[in-house]
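Just one chain is shown here, as C-alpha cells, and it is the form predicted alone.
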C-alpha cells in the first residue's frame, strides 16, 4: 500500500454518528493484514472498538489483540500516570503527589491537561522508531467527534502560543511538529450523504488546514448509494403497491449521494465512497470488506 496509507499516523474524525469508528477499525484491520504492526487508539470510549472487532474490551494499556494489531483506550488518569512516571521514574513519588486528593482536585482545572497527556501518549508511540520496543509501523487514532477532535489536536499549538519556553513548551513543540508533518501524519474525514455531515466536514477540513496546519489526506463518504433505476424503470414500477415508493426512496438517497460528492470535491483530497451495507449488524466480514475498499481507493 502506498500514498496516504504510507503515513504513520492516520487521524480519523467527523461528525458524530457518521461511522468514523467503523472506518478506523476497517483501516486498522487492513493495515495489520498487510503485515504492518498497527496500533488502533480510541479516546475514553469504554472499549467500543474492541467489541466492534470481536475482542474483549481493551483498557488504558496497549494490548496486542491479534497478529500485527494492538489496541488502547486513551484515558486521562492512566495517561497522566504514564506521562509522569516517564519523567520522574519513581512510583512512590507519583503516588504521594498525583494521587493526593487535593492535588487531583486542582489538576482538574488545569486547561487542556487531559487532552495533553492523552495526545502525548499517541505521539510518544509515533516518535519511536517502528522497530524499537513499543514501536508501530502505523497508528490509527479514532478521534472524538469534530469539536472535541479539534480541541484535542489543537492542544500543542495552544500550548506553544501561551506558554513561555520550558518543559511543557518543549513537549508541545515536538508534538506539533509531528502532527503537522505531511509525510508523517494525515487526517481522514468521514461524512454521510446528508446536508449536516457534509457541512461539518467542509468546516472541519478548513479548520484543520488553516488553523491547525494538519494535512487532510482523504474524505470518506460513508453509506453511499449509487443510482440503479432509470426513468423508465421507475415509471414501470410506480403502479406496484409499496415497491414504487421503495424505488423512489432509494433514488432520492442516490441523488443525495451525488449532491454530497459534488460538494465534497471542494476539499482538495481524494474522495472515497463506501457503500451502504445491508446486514443485521456490522461484523468482522463487513469491516474487512470496507478495509479492502479503502486500501484500493487510497493506494
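Numbering follows the first chain given and starts at 1. Here the structure is a predicted model, which means the values were calculated and not measured.
Just so it is clear, the following notes concern the form predicted together with a small molecule, a form of the same protein that is not shown.
> Indicate whether residue 48 is a 4.5 Å heavy atom neighbour of the small molecule in the predicted complex.
Residue 48 belongs to the contact set for the small molecule.
> Is residue 276 near the small molecule? Define near as a heavy atom within 4.5 Å, in the predicted complex.
Residue 276: contacts the small molecule in the predicted complex.
> Evaluate residue 291 for contact with the small molecule in the predicted complex, applying a 4.5 angstroms cut-off between non-hydrogen atoms, and reply yes or no.
Residue 291: no, not in contact with the small molecule in the predicted complex.
> So in the predicted complex, does any heavy atom of residue 17 sit within 4.5 Å of the small molecule?
Looking in the predicted complex, residue contacts with the small molecule include residue 17, since a heavy atom lies within 4.5 Å.
> Going by heavy atoms within 4.5 Å, which of 200-208, 147-155, 168-176, 220-228 lines up against the small molecule in the predicted complex?
Going through the listed ranges, the match is 220-228.
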